[in-house]
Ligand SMILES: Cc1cc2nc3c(=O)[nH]c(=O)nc-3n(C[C@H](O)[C@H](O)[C@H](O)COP(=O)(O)OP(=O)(O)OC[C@H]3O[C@@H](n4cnc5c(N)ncnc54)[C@H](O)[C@@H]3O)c2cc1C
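Before any questions on how it binds or moves, here is one chain, the form predicted on its own, in C-alpha cells.
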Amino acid sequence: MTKIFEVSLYPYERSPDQDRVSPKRHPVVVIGAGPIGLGLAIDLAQADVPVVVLDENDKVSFGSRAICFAKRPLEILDRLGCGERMVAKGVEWELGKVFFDERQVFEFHLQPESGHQRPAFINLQQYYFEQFMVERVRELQAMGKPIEIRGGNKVVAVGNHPDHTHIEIETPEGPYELEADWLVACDGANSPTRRMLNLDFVGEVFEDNFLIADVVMEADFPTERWFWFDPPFNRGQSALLHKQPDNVWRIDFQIGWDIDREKELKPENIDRRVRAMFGPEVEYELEWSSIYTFQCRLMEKFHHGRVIFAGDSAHLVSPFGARGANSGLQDTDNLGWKLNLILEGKAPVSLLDSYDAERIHGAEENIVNSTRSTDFITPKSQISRVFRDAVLNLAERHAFARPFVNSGRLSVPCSYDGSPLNTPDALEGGPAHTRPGAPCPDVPLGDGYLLPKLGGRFTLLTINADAPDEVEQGGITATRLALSAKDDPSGALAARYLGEAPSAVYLIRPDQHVAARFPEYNDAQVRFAIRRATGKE
C-alpha cells in the first residue's frame, strides 16, 4: 500500500515568476512547507494576505517525527481550519504513567477540569498533520484565497535589504529570483536561511541520545503516555511509549552519548531492543527509526530586518514535553496577525519587536522546562542519580514527592507576562490565569464553546457589562461578544474570567491572548489598550 509520505502532494510546476525579466515582489514568502510554514501561510491567506511557500521537497515528512499535539495548538488549528481533521484522526490521551524498574510509581492527569472543546493531547504522525494542512491549502485556493505552495523550489541565497528581501531559487528547470516584503524562515533545525545570513544558536547540546523506533503492531496497551526509568529492558537508561493511529507505536530508547549511530540504527539492533521490551515472540513491522540528541538552543533574535524565523529554525528543545511543533505553532499564531496589520498599514513595523519579546520569552520558558527534564532523565553525576532514584521510590507511596519527578513536563501555553502589548491589569479579584498576556481558556456555552466565538480578530469580551457593539481605533475594529454568567450553567465562565469580580470587560487579541481587562467598559481605557496592543503606544 502506498503511504502518504511516498506521494507527491505539491509537485514542481513552472511558475509565471520564472519567466519574468525582473523578480516578482510578493508580500510574504515562507521557506518550508512543514507544519510551521504551512500554519503561517494558511493564517495569512485566511486574512487575504498573498503568500508563497517554497520547499525543495514535494512530499510530506517521512516518519512520524512530531507526534504529540497539545490542546492550545489544537485550538490554533481550529482557527486554521485543520483542528477537526487532526482530532478525528489522532489518538486522544490525558493520562500518563511513570515506572521505575518494573513498578508503576504514580500516574497523572493532564486535563482534570471539564468544559474544554479540545482534549489535553492527541498523538498523530507528522505526515498526517502535513497532509491535512496541504488539504486546507487546496481548500483555500478553491475559495480564491491567495496562497501557493511551490515544490521543487530550493532557496540557495537570501539578501536582506531595508525594505525587502531578495531570494535566489533553484528548480528542475533552472534558477530564478523573487523579492518579498517579508521572508519567514520555517526551514527547520538545520535552517539553510540561518546559515546564509551567518546567524547561529546559543545554548546547550546535552551529551545524550535517544533512539526512536516507530513500530506497527497489534497491542492492547491503553492510550496513555508510559515512561520508564531504569527498566529491565534498557538498564541504566529510560524509555517512552506512545500510541499513534494505524496501530503505530512510538518507542524512545535512551542510548547514551558515546554511540555508533550507524550501528544503533541497524534493523537487527533495533529488533533486539524491541524484543527485549515486548518479548521475543512479538510480531511487528519497523516503519521508521531515527536518533536525536538533546538540544536546548535558540537564536538571540528571531526577527532580523526583513527576515523572520519561526519554529525549529529559531529555537530547539529536547523532545520530552512535546514542545517543538507545539511552540512553533504558537510562533506563527503570534506572528500572523502582526504581519497582516503591518502590511495593511494599520500597525508600525516596530510591532515585530513584540514578536521577539513574546516568542523569545516562550522559547526560554520551554528551554528551562526542557533542561530540567533532561537533567532529571539523564543525571550528570552519581549523587544526582541517587537523588533521582530516591525521589522515584518515594513517589510510589508519597504524593509530596511526585511533583519532583520530571519525565518531561508537558507543553502548556505560554503567557506573555511583561509584554509591551499588555495593558496593566485593572480587574480586581480577576483570575490569575486570564491576566493580560495569558491565552484565553475555553468555556462551554449553550450553543458551543467560547474560543470559536472569539475567532481570529480583536474582540471586546464583556461579561455582565455593557459596551458598544464595535470600537474602532486607528483602523482596528474590536467587535463585542456579550456574555453573562447565565450563558454557562457550569460556572466555568465565571470561574475562569470573573473570579471575585461581578463583571468584566476583556480586550482579546487575534491570537486569543488577553491584551487588557477592566471591571467595566471605559472608552478611553479600551482605546488606549487597542493602541498598545497594536504597537502604537
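Note that the structure is a prediction, hence the values are computed from the model and not measured. One-based numbering along the sequence shown.
Although it is not shown, the form predicted in complex with the ligand is what the next lines describe.
Listed residues Asn57, Gln46, Thr479, Gln473 were compared with the ligand in the predicted complex; Asn57 is the one with a heavy atom within 4.5 Å.
Out of the listed residues Lys89, His304, Arg250, Arg457, Arg250 is the one that sits within 4.5 Å of the ligand in the predicted complex by at least one heavy atom. Interface residue remark: Asp333 is not counted as part of the site for the ligand in the predicted complex, having no heavy atom within 4.5 Å. Of the heavy atoms in Asp312, some are within 4.5 Å of the ligand in the predicted complex. Among residues of the shown chain, Phe201 is not one whose heavy atoms approach the ligand to within 4.5 Å in the predicted complex. Of the heavy atoms in Leu450, none are within 4.5 Å of the ligand in the predicted complex. Stretch 35-43 is the answer when you ask which of 504-512, 489-497, 35-43, 465-473 has residues with heavy atoms within 4.5 Å of the ligand in the predicted complex.
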